[in-house]
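Only one chain comes next, encoded as structure tokens, the form predicted on its own.
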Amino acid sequence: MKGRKILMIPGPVEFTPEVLQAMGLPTTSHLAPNFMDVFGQALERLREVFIAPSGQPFIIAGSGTLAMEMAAANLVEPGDRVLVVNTGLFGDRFVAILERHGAEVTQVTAPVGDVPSLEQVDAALQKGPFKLMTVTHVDTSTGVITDIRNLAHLGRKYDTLVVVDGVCSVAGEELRQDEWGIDLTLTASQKALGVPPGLAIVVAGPRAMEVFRRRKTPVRSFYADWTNWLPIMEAYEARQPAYFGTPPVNLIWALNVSLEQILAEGLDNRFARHRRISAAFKAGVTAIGLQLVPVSLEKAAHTLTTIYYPEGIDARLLPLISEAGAIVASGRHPVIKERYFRVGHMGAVTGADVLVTVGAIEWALARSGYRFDVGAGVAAAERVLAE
């Protein structure tokens, strides 16, 4: 018996064998010529993956929260007004980080499972000026997706920097940083980028870099300060040795491998694959009577699915799903935490993974006494995948 369960949580995700092989390479010096070449190539490839040819990439040891803090620390000065388009737990987190760095924060919110309308955001921006606006592209706690393209257009309309939390979207959801007028996008390695946890990644556009250079006060964080990191990124891209903090050598090696795979697949193909897999999974769980947290499919992310437990079922379902071969995640949003669970399907995920996971959910529900047409979920997912 194989005994291996597939990891279907919203990060860390399943990784390709080539990425894992890179993680296991003998660790080189962070100043070795071959590593400088890998680091420089990874920085260059990030511009392609973010579709941000004018952007300045940063690759730093840390989590997605560090990437959020880098955006706040370098762009915000005490007293700056910031608008947060809040769609869940990670919007709340951005509020806390921004306030820690002295920002005066205004929020535009929506009920759990929904997103603020463009009209709401427009009305809020009219009460500015705001120095910047933050938007979570996909909030991992609610599974909703925001209309980044049109929100970024609104930001430009009001001369407001647009900062996108793409932790659960970059390399899975369509995002075109330069074309859409996004000033900074941030992410982390362990989700759709397909690399083990440990890298905070930021791509800052020209307007964001100019705001940073015009600061009147020092950055409040030593570790997050671009003053320290920008010369390092520029040196590695020029294949020159530089040091501020020791980079995570094997993670960056793995990142470069994953970026190569992403670009080989083609970004349009990758976005389409995530949409297809998402549609199949959502068709599978709704076919057996389960309700999604997002209020509509148009507002539901393609990198994960958030699902309410049916009546009479609770979190005791999750160990049964695991027993059937798929590991899924519990709820995170404090308002509905005990009422739902989350399934990630991003990165190297395949249609076969979706079928296994839907089948595991069916098996667990049947064991829990939930009455439904057994097999209907897998059949619905298969139909979508076969189209």
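Note that the structure is a prediction, hence the values are computed from the model and not measured. One-based numbering along the sequence shown.
The discussion below concerns the form predicted together with a small molecule, not included here.
Looking at 68, 38, 349, 326, which is the one with a non-hydrogen atom within 4.5 Å of the small molecule in the predicted bound form?
Of the candidates 68, 38, 349, 326, 68 is the one lying within 4.5 Å of the small molecule in the predicted bound form.
Can you work out which of 85, 182, 202, 138 has a heavy atom no more than 4.5 Å from the small molecule in the predicted bound form?
That would be 138.
Heavy atoms within 4.5 Å of the small molecule in the predicted bound form: which stretch among 222 to 230, 286 to 294, 184 to 192, 268 to 276?
Careful reading of the contacts points to 184 to 192.
Would you please decide whether residue 253 lies within 4.5 angstroms of the small molecule in the predicted bound form, comparing each non-hydrogen atom pair?
Flag for residue 253 set to no.
Test of understanding: in the predicted bound form, would residue 168 fall inside 4.5 Å of the small molecule by heavy atoms?
Residue 168: contacts the small molecule in the predicted bound form.
Would you check, heavy atoms only and a 4.5 Å threshold, whether residue 28 touches the small molecule in the predicted bound form?
Judged by the heavy-atom cut-off of 4.5 Å, residue 28 is well away from the small molecule in the predicted bound form.
Since only the chain is shown here, I'm wondering whether residue 55 would be in contact with the small molecule in the predicted bound form (any heavy atom pair within 4.5 Å).
Close contact is absent here: in the predicted bound form, residue 55 is far from the small molecule, nothing within 4.5 Å, heavy atoms only.
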